[in-house]
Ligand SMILES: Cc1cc2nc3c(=O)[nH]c(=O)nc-3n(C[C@H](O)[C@H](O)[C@H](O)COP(=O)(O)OP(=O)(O)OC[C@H]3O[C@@H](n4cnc5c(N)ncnc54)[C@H](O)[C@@H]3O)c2cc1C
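Listed next as structure tokens is one chain, alone, in the form predicted on its own.
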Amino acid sequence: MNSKQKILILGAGIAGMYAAERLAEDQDSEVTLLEATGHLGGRCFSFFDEKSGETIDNGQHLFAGAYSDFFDFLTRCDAMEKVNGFGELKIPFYSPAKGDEYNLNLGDGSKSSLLFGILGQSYFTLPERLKLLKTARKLISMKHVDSSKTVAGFLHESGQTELSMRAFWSPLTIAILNTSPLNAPLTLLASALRKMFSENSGRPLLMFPTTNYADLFANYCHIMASRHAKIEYQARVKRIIINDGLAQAVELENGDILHADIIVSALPYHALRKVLSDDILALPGFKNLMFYRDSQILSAYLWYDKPIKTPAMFAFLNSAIQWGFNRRRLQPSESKFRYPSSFAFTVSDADSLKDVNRYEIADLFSEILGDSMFEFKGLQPAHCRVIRSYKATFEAYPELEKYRIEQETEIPNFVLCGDWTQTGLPATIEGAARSGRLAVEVLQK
């Protein structure tokens, strides 16, 4: 009697979870998912904040309605009922500079509603609106994009004004790519916008989890257990053993050696570099790992002793803060909270704040909020929690797109996945899920 094919998946982020769940469907496979931490989800994880008495995530995440692979994953995990949408999306922008506030209307997810929304932006002059409209339509319909161009270079060629760049394109680019338009590759912005507005299947443009990630992924463990797949936590990989052209085993930091017929690495690029030997890193398919650089995201949770009414989602211009979320509206609960108000704030491409401690963050954010929004005038948070993800995503730049690594490698039984692999998308949750699907497809050839 033949034994089952042993498959090891390294890393239980979205990419690894997706690949493991799909591969575990095969009854002839024995799947083991190894995770270095004590939780699922990779960067999409939850933890308990003792002072507030609430379980929070490592930052507020949003999902584009066109995240087809990620929503397929949630559907397979019976978790779609824990996701909601914004409907018609109107985002108020606030600013410490008075008179610089406006509402950005991105519509209901259809291409036509976005275009009508742009035309209705009285914040911009009519010529600016027409140029915004023309450029947005061009980006969404682009099939062939100059891979050497940055977003800023393309926008300047398109005649976008300084105001359009600052108040429309820059917030949009940083939110999608976690990179300034000056460095962001045009290819990725075009692919993301095309997916959002041309490939949406009727869902709202933006969606959000109505619960924390621990709850969102709660059913995943039951599904994996029903298929006799294993999830091993605190299983940190020390090295991947590759001999005679095949991936043969994984050595853990505790000294255990796990042999496998197939190894799928869903490790981040910086972690993968540490567990591969120098001779493997020198191979053509792996040497491009040297081109990846890190980009930081900072998230801050602020709690207040009094009720504060704001939109569910809002944004800022001329500010260190980029996006704000009213958690009491995004995650309503019948339970009584210790603090009546709770907000999450996000700063992408956050290297400028890397040396600012959490007390200074609380003071800085309070000053910005008080200057920008009447609701926060004179208020100080009762509690603040700052979460820094120093290696949240890879830094996107045009040259990197030529070097992003494919899921299929020169080693036939060793496959890669992760949002940093070549997916044609930015470092998003959808990119991670897509990479998991692509890795499975490689193994099923």
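As the structure is a computational prediction, the values presented were derived from the model and not from experiment. Residue numbers here begin at 1 and follow the sequence given.
From this point on, the text means the form predicted together with this ligand, which you will not see here.
Enquirer: So which of 295 to 303, 367 to 375, 223 to 231, 75 to 83 is the stretch with heavy atoms within 4.5 Å of this ligand in the model of the complex?
Expert: The contacting stretch is 295 to 303.
Enquirer: Find out whether any non-hydrogen atom of residue 35 is located within 4.5 angstroms of this ligand in the model of the complex, and reply yes or no.
Expert: Yes, residue 35 is a contact residue.
Enquirer: Answer with yes or no whether residue 20 is in contact with this ligand in the model of the complex, where contact means some heavy atom within 4.5 Å.
Expert: Contact with this ligand, no.
Enquirer: Find out whether any non-hydrogen atom of residue 42 is located within 4.5 angstroms of this ligand in the model of the complex, and reply yes or no.
Expert: Judged by the heavy-atom cut-off of 4.5 Å, residue 42 is in contact with this ligand in the model of the complex.
Enquirer: Would you check, heavy atoms only and a 4.5 Å threshold, whether residue 62 touches this ligand in the model of the complex?
Expert: Yes.
Enquirer: 68, 380, 29, 389: which sits within 4.5 Å of this ligand in the model of the complex by any heavy atom?
Expert: In short, 389.
Enquirer: Which pick from 235, 262, 330, 196 sits with a heavy atom within 4.5 Å of this ligand in the model of the complex?
Expert: Result of the distance check: 235.
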